[in-house]
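Just one chain is shown here, as structure tokens, and it is the form predicted alone.
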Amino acid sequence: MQAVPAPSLTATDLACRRGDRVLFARLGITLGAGEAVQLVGANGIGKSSLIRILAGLARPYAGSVDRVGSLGLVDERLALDPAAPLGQALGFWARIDATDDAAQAETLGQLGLLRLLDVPVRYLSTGQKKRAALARLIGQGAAIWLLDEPLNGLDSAACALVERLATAHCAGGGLCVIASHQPFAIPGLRRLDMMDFAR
């Protein structure tokens, strides 16, 4: 069996333009297996735009992104059918991702979602939706995690859980890019201040 290459993510001389305004320019990131970086800066400085560029959902105004490994994204766009019960909505992705049933049940229990499986997604609170998005992310088995404001709407216990999940992901050879205005605790976490690249 051929070895799976270690994940990596490299952004070179990235620039992002919104309308007539360049939000940032000459931004670079290099991450390998086990590494994590937190994007910090004021609202509107381009953290979410950078996450979307890294995910391949938006084109940079300049520069390039190279990555090795599968990618998973958690942002404000919940990729779950709002009309479906949570269990059914997550089950749809579990079939696509070929997620092991026992592993999914363990994840749902860890995230406190087992009692919510019959609740339509649209009725979930902000924090519950965030935890549902994380359950889907874990089920993907993606090596590269892009997390845009992953702590929004979560209480302190849930925030600590997200930090533990990200820590375990990196310890297992994954990598994380986290855009957050809140403190985020992962051993060895680097910080990239978007203000350094603002224009």
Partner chain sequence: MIRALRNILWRDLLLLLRGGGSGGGVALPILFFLAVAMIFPFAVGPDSRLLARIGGGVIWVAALLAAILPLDRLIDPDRDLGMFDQWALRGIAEEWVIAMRVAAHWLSFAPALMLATLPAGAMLGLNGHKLGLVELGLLAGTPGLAAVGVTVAAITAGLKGGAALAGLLVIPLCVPILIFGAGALAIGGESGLALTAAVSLVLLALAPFAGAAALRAGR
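Since the structure is predicted, the reported quantities are computational estimates derived from the model, not experimental observations. Positions refer to the first chain, counted from 1.
One more form of this protein, predicted together with the partner chain, exists but is not displayed; see below.
Contact with the partner chain in the model of the complex holds for none of Lys129, Ala168 and Ala185, as no heavy atom of theirs lies within 4.5 Å. Residue in contact with the partner chain in the model of the complex (any heavy atom within 4.5 Å), chosen from Cys159, Ala55, Ala62, Val37: Ala55. Stretch 134-142 is the contacting one of 37-45, 134-142, 22-30, 168-176, since its residues have non-hydrogen atoms within 4.5 Å of the partner chain in the model of the complex.
At a distance threshold of 4.5 angstroms between non-hydrogen atoms, Ile96 is in contact with the partner chain in the model of the complex.
Looking at Gly109, you'd find every heavy atom of it more than 4.5 angstroms from the partner chain in the model of the complex. Though the partner is left out of this view, Ala83 does reach within 4.5 Å of the partner chain in the model of the complex, counting heavy atoms only.
Contact check for Leu78: a heavy atom falls within 4.5 Å of the partner chain in the model of the complex. In the model of the complex, just one residue of 108-130 lies within 4.5 Å of the partner chain by at least one heavy atom: Arg122.
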